[in-house]
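Here we start with a single chain on its own, the form predicted alone, put down as structure tokens.
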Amino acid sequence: MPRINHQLHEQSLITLAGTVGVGKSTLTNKLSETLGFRAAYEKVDGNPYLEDYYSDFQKWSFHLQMYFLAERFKQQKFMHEEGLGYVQDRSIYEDVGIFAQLQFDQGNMTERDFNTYHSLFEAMVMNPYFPKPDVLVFINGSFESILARIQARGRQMEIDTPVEFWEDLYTRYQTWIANFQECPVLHLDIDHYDCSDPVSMQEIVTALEELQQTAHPAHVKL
């Protein structure tokens, strides 16, 4: 993907968000190349809890969420210390507002564990190592399109997960993003952009530039 000249400041943090299988890692790669920024990916390989979690939500949800929270904070600290432009695959806000809340609501996390988790997150966001994104890119689409992507990438533990789980997760994401106010948000529809197309990427970069200049948490759709 060719570089695009842009007006984003050199220490920008562009964070991608969206449900499982929606294409965050692919766009992180393409967008970081396009902007000349570094990419920060969600750590999935080597996660000691992920497979156990999919086999027993109730037993392993707290462990999994604590692992993700710790890894996400370490990533935030590293990016802050590097002081360079980054495109980040998934936000820490999703861990808290979507996944931990889902586990608690479904009875897979006790109130005591949920409160402990939230207390740790609140301590993290008050830390000087916790930069907010300049822009959050929310990747979305129809539930049918997203489910097809999950099935196409072929991770067996995801394929074996009941469709009702993905439906619930999808609905939670719609509610979460509608109330997100931490920074400006760029909404992308997976059926209406192509991250392999330079024209499509130029439109995304232009929208990011405009949103970075916004003084309030605006929501813009492409």
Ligand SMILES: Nc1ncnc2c1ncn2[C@@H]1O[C@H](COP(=O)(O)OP(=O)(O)O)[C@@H](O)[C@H]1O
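One rule holds for the numbers: they count along the sequence shown, beginning at 1. Keep in mind the model is a prediction, meaning the values are calculated, not measured.
Although it is not shown, the form predicted in complex with this ligand is what the next lines describe.
Using heavy atoms only and a 4.5 Å cut-off, determine which of I204, I14, V20, L211 is in contact with this ligand in the predicted bound form. It is V20 that has a heavy atom within 4.5 Å of the partner.
Though this ligand is not shown, can you say which of I177, A40, C195, L186 has a heavy atom within 4.5 Å of it in the predicted bound form? Result of the distance check: C195.
Does any heavy atom of R149 come within 4.5 Å of a heavy atom of this ligand in the predicted bound form? It does: once this ligand is placed as it appears in the predicted bound form, R149 has a heavy atom within 4.5 Å of it.
Is the gap between R153 and this ligand in the predicted bound form 4.5 Å or less for some heavy atom pair? Within the cut-off, so yes.
Consider S200 of the chain shown here, and say whether it contacts this ligand in the predicted bound form, taking contact as heavy atoms within 4.5 Å. Heavy-atom contact with this ligand at 4.5 Å: absent for S200.
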